[in-house]
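Just the one chain here, the form predicted alone, laid out as structure tokens.
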């Protein structure tokens, strides 16, 4: 059976690494064979455990293994032929050093994090992923769908064109890729889509860590909008660094009032998600003893692998003979939404986020009958036959 995957994300500095490490420790102590992974280039996971981890899977203690993903190394392992060709191509116009800098593609770290999860999915009971701050996580989760289907089609076309042009390479003036370059890239796209399907599957949930502060709340709302649009299941929100009752100093009175206000807002805004909290600890959380304390505060007697909220954020189905798409978007206004049908795709824009859905064949033949935002849910209904475009 594939591993239970729990992804921790949140604004930088909120304590997501601490939450991820504490959860991994508790899973291991409960007897689950657990792997904790870091995709954050800063790699503070080792600091949290107060022990070296590194880029290869390493046993940290009974039932617990750790790895800090080295994106540069993984990229050359998985995509070496394509990278070598790209550098060769760029070197025609630029010197080798500048060609290397151009090849530092934004988001490439996230690609190889996904492939690592896919690699280990059947080797552990639980995989805990400590991600980079929210923006990087969103890019990681969206990337496979963004490049997958279209990327494969493009690779197929380029493969055919290159085969025709290969005999005239000297006349073209630039080196043309070998078929192995396309094969490698095509396999990468396929594996990315497999990883995406795995992360949107029933065994994977996201836990968003925030502090009771207005900036964190707003960023969490944006993250929730994205997760719901792309069908990723958030099962809980973790409030970290909550001032405990023991703090009586008048200096903190205003902070305590603000935190109380924001905690109430979180409970109301993110309902019915499970809301868990961690008090501000007396000292920085480093080492397994203090991580164990955090785990007890966070989960109590609960099993950390539990899926705490079961609601589906994204649903495609059929009701009363009509196909529909239903997306939970509680922090969205009607004017933030734009929907466009194009051939076999449906493009849904929500604020800054855009999802391009490839529709099932039976839906492709129909047109959008209605799109309605009501009670925090966007419902798109299909009906009848799609109107043919005039030539």
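Positions refer to the first chain, counted from 1. On a predicted model such as this, the values are computed, not experimentally measured, just so you know.
Form predicted in complex with a small molecule: not shown, discussed below.
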query: In the model of the complex, the one of 199, 117, 227, 285 near the small molecule [non-hydrogen atom within 4.5 angstroms]; finding: 285
query: Listed residue (307, 121, 280, 263) with a non-hydrogen atom within 4.5 angstroms of the small molecule in the model of the complex; finding: 280
query: Partner contact for residue 68 in the model of the complex: the small molecule, 4.5 angstroms, heavy atom; finding: no
query: Residue 23, heavy atom within 4.5 angstroms of the small molecule in the model of the complex; finding: no
query: Proximity of residue 376 to the small molecule in the model of the complex, heavy atoms at 4.5 Å; finding: no
query: Non-hydrogen atom contact residue 205 with the small molecule in the model of the complex at 4.5 angstroms; finding: no
query: Interface stretch in the model of the complex with the small molecule - options 255-263, 313-321, 219-227, 239-247, non-hydrogen atom within 4.5 Å; finding: 239-247
